[in-house]
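Heads up, the chain shows up twice below as structure tokens, two forms, tagged structure 1 and structure 2.
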Structure 1
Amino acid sequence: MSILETLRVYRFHYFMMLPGLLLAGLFVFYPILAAIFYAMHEWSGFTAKKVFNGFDNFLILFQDPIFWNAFGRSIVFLIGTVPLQMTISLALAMILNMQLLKLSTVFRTMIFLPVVTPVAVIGIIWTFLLSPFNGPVNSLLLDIGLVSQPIDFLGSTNSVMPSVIGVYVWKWLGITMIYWLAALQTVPDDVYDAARLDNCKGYRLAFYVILPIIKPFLLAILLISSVAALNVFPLIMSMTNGGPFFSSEVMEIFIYRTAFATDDGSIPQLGYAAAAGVLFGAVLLGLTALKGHSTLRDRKTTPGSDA
């Protein structure tokens, strides 16, 4: 069947796909191509003149210590959040998945509430809670005697990243818990019955029975959480704005500051920021492709997946 014949036979199907393709073209493919185009130009974004410089922006990026510092902080944030988030959410999912646990639905809802709360609201509230000036967290620590003076959680270069990491894990713990709960639903009831007959419970049931069964879901949840952990612009922007002294400036804050909000009064460099965005997007694309490859491999190795 030729291309024209295919278009004629399936014209209604393509017509129904047209709105989605138009939206994807306007809001996905065009911005990607525009970013690549701007990345190859020296352009401030405030003038009509664009000077083509090829790959010079990328070459300068590789020699820019500020870029690598921001990139490194993104990796540190990723390493600091994902393992903690996955471990705590898995423990909560196993506890809340118990059929005999009363009010499990209420607890699930309470843990999931921060997920649906706007990130900007979360950032502003936690900025107040962590404030060294009569903030509730510092007041509690002072009252119970754990500290002798208030801690400037968001104003110290040593504590700002752990503080933001803690807020991020609390904010998105519920969604990862939902992923684990979905994975736990695939464990047959017969497995629990057999484990109960063998008096296998507690950590032995979790480590030797349940975890091996839900292991195929581990990589998918890990990659989803990793991609999400690299997109933290609204939380860090609302809490620290990349400070103090750029100690919480991750890649997204670096791109934004370079393109629109330079702190030293210099001219914004939209082309240079676009090059940084392209490199950062390539990292995210690589993680997403890895997730797709692992999902396809798991489907091929799962019995009955072709049914």
Structure 2
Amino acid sequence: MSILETLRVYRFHYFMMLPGLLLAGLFVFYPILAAIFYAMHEWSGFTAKKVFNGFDNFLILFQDPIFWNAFGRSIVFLIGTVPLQMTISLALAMILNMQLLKLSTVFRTMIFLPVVTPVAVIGIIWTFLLSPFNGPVNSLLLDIGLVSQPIDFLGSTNSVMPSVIGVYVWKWLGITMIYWLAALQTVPDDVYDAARLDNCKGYRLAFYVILPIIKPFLLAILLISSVAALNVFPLIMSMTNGGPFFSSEVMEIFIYRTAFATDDGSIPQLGYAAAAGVLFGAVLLGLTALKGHSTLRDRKTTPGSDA
């Protein structure tokens, strides 16, 4: 079949895909290719000329401790948030899924509140709440005598990451809970009836009956949460700007700072920032491929799984 023939036969199909493909082409596929192209150039500012320098950017990146620290911090962030977020939200979802609980909707809405709040708002509110000067959290800790001096949660290099991780989990727990609630909806009512007949309740019902049924969703929720945890730019930007002394600078902050030169007096290095993005993206893609591979394998054994 010639190309023209193909286009004619499937003209409706292609026509229907056109808007989506156009949008994706412009804002997803082209930018990825462009970023790889820029990564091989020295380019200081949007108005400056790009100078091809091959793999120099990558070679410098390999020896840049600030880059690797940011890289490591993104991973620490991922490991620090995702398991915590998933287990707490699962427990909450199971409790809130109880049909007898009349106020369930109210509780859900309250827990979901941080999710619908713009991240910038969350960041700024918590900056104040955690402030060592008059901040409510420190006032409380001082009042009940847990600490004798206010803690500078966001201002000390030791406590900044745990604090940001805590706020992040608080902010996004609601969405993970909704995913779990949706998964729990797929458990048929007769399972609960059968369990009641066998007098199986509480944690035994949760662990041995419900959990195995919703297990296929685990991977999908894990993937969504992991991707989200890598896009943490807005929260950290609005809370700490990556400080103090770069101690909360994750990958995206590194890229933003290098590309748009928010430090006074430094030159924007767009090519270098693009290279950092490419390297980080390549590692993520590798991890995704690994995970995707295992998903496919699981899928063959557990029908109905989604990922």
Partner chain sequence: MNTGFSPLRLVFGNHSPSMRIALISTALTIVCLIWIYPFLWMVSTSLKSNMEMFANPSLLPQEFAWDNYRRAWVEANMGRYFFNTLIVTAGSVILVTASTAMLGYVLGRYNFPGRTAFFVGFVATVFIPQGFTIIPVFELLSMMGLSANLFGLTLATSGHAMVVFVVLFAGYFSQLPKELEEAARVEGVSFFKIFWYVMLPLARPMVVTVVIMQVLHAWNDFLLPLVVTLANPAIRTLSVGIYAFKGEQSIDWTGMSAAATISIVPVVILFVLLQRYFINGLAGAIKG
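What you see is a predicted model, and the numbers here were worked out from it, not measured in a lab. Only the largest set of C-alpha atoms that superpose within 1.5 Å between the two forms is called the rigid core. Each residue is numbered by where it sits in the sequence of structure 1, with counting from 1.
Looking at the condition given, the form predicted together with its partner chain, one finds it describes the source of structure 2 alone. The rigid-core alignment places the CA of Gly243 less than 2 Å apart between the two structures.
Here Phe254 does not count as shifted, since its C-alpha moves by less than 2 Å between the two structures after the core is aligned. Taking 2 Å as the criterion, Phe67 does not count as shifted between the two structures: its C-alpha moves by less than this amount when the rigid core is aligned. Its Cα shifted by 2.7 Å, Leu26 is compared between the two structures on a rigid core fit.
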